[in-house]
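Let us start with two forms of the same protein chain, each given on its own as structure tokens and named structure 1 and structure 2.
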Structure 1
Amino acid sequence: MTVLAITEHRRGDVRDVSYELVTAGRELADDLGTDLELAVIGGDVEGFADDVNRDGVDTIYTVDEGEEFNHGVYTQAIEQLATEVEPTALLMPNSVNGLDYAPAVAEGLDLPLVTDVVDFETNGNLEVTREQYGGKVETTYDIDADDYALTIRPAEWPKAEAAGDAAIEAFDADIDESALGTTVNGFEEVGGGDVDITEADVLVSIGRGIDEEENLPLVEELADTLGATLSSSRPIVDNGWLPKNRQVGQSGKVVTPDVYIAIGISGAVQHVAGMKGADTIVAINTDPNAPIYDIADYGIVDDLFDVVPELIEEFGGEAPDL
């Protein structure tokens, strides 16, 4: 019995979620009265193992296969390692790469899988908490199984900081290269361009609540009036209404302005990942249950088409006719 957590790295750096997995994994291992073991797969495994050697980790397995993430290598290596160490709980990150291998690993090992877990508790069985319906409700699930796989929501547990003295063991995975059906050819950075929203002190950020492209001049006028920069949630960019470099969030930009005015944005976890570091967050949203209010400092529960024109006029501007 053990807890096995799979770390993540990209382009030479251990990603934050790995340190969060140490915290979550240690918590679960304590509840279960067992060890916490980590796996580091690919890249500079020795260096990465040193990085993730934090207090509370008992053993770190290094699997020296490949440079960057390849889901075939991960899937094979984790299945072999899990077969050897027989973890009660297999913890993986609910990151984009986690989405690309965790379900396959769970299938391969025939483990029940619960994704995007935000909390757990042991009560004989394991009870996990997750969010549903865009974060409007929380649900708990009881896992009645000896062994299970979970993916852990990034940024939900604090990063483990204190140094540890885990045993580091090389694990020889037997990777069947002929079974690798994907080849990673490289990376591309996207979203450069005219404006750098990460530099802005004040962001007026618009979401799907704006409804139609024809309504954008309203928030453009507000941004102008305030001397702020316009940013947005993902659907606005998906629709082609604003360029990619304006997108705030997990797959967009991480911003840290003094003031972030979120207008018609629900506050989905992938959006929040990009803006929760703002000094002051103001939300304008018709839905008092929108998750954005969990992190907002100030809020107006009202229709943006009523509030924004008033705000523009407060500062002597003129709201456009829509």
Structure 2
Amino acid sequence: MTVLAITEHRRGDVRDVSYELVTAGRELADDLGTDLELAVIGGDVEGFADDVNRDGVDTIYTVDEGEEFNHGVYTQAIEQLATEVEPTALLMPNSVNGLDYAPAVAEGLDLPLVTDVVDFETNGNLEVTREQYGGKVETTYDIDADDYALTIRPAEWPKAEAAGDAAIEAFDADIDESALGTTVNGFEEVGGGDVDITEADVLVSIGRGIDEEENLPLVEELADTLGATLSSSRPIVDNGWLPKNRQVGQSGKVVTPDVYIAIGISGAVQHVAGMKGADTIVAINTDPNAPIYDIADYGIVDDLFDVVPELIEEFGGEAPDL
């Protein structure tokens, strides 16, 4: 019996969800009274293994196969490793990559799979919680199986921070090249890929309160002054004012910055689902009853067109004439 979690990396960096998987995995392993093991697949596996060697991890398996993510390699490697270590719980990230291979792995191992898990509890059987209807309803599922697979929603568990002393073992997967079906020739970002809001430490995020596209330079200047990255809620993207890769929320990206400044954003559940993991949330909105204030650490109930220019000047910038 063990808990096996599959880490994730991209462009040479371990993704935050990997450290969150350590926290979630350790919690589940403690409940089950078992070990927590990780798998690092592809790329600089030795370096990635050092990165995710956090307190509470017992063993890290490195699978030195390929540089970039490949569905077939991940599927074969995880199935072979799981067959070797026989995990009770197989945890994977509920990310684009995770959702690519998790169903195939679960099918191959004949495991029940629950995706987008936001909480779990062991009570004889495992009970897992998912959100539905845009986060308005939580549903708990009782998994009636000895072994199972879960994908964990990013930003629902804190990142494991303390260094660990896990054993690091190489696992030689026998990859059948003829069965891969695809060949990865490289990595290319699409849709304004020069900016990845999931990696930003400070985000200045704008919502429909900006009123018109012509007012965007105001928040762009604030972001530049703070050295922050600009992001938005869905209406801004739907209007074509910012590209899709800037959207935060359930249908956008999940972000976990140190500081998230929500300007003219009401705080709909779909948006909150993407940013509630921020360490500090600052909200600027004229409506004192806006839901964003339910999760904000600091709030300014005022007109953004009055507040933002003052913030720009306070931090040494110059507000544009609109």
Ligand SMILES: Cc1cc2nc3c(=O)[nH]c(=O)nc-3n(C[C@H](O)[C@H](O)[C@H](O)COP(=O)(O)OP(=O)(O)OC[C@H]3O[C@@H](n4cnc5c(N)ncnc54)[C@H](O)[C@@H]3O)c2cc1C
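The term rigid core refers to the most C-alpha atoms you can superpose between the two forms while keeping them within 1.5 Å. Note that the structure is predicted; figures quoted are calculated from it, not measured. By convention here, residues take numbers in order along the sequence of structure 1, the first being 1.
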Index of the chain form predicted on its own, chosen from the pair: 2
CA of N285, rigid core aligned, shift of 2 Å or more between the two structures: yes
C-alpha of T34 moved at least 2 Å between the two structures on rigid core: no
P217 C-alpha relocation of at least 2 Å between the two structures, rigid core basis: yes
Core-fitted comparison between the two structures - CA shift at L203, Å: 10.5
Following rigid core superposition, Cα shift of G274 between the two structures in Å: 5.6
